[in-house]
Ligand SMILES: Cc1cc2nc3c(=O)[nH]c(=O)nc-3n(C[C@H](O)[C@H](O)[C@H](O)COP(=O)(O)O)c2cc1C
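There is one chain below, alone, in structure tokens, taken in the form predicted on its own.
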């Protein structure tokens, strides 16, 4: 088994190695306004619970907090430049659906729109929010999921910090090593 020789590393950059999931586009709607934000800081908290960091004072924070709903949309590699562009501007400057040529589709259970160009869309309701001086953590419950059957395993992008991304790729299975009760059906 290989051993690694390690060096000290800045603790404020560990996210480059520990980012838990793909970049997502979070759509919101409230009081006649809609918005989209690019998000890399989120985590699974349970089978259908997602924790997400949304900066206070932003347009998306106001819409998410006001409505208590959102849609977490999963873009693929072909939307990377769009996702970066969305993250580089504020929704208070105008409608990002219009600005980036994205199609808003009606959701089944929430007022926030789905993004038709994304592989998957997960309708969410706010389960709880923790606002404090360091971060605002939203805990979302996924109440409806919409997933394209093709591709089965989409090429997602994962933010590594400093403007660099990793693209999902080759998958390997170790299913045979798991105890049967540990596997999902």
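Positions refer to the first chain, counted from 1. Fair warning: this is a prediction, and the values are worked out from it, not measured in the lab.
Here the subject shifts to the form predicted together with the named molecule, a form of this protein not shown in this document.
Contact with the named molecule in the model of the complex, defined as any heavy atom within 4.5 Å, is confined among 125 to 133, 142 to 150, 112 to 120, 56 to 64 to 56 to 64. Think of it this way: in the model of the complex, the named molecule has a heavy atom of just one of 29, 137, 50, 39 within 4.5 Å, and the residue is 39. At the 4.5 Å threshold, heavy atoms of residue 105 stay clear of the named molecule in the model of the complex, well away from it. For residue 74, no non-hydrogen atom is located within 4.5 Å of the named molecule in the model of the complex, even though that partner is not displayed.
Although the partner is absent from this view, residue 79 stays clear of the named molecule in the model of the complex, with no non-hydrogen atom inside 4.5 angstroms.
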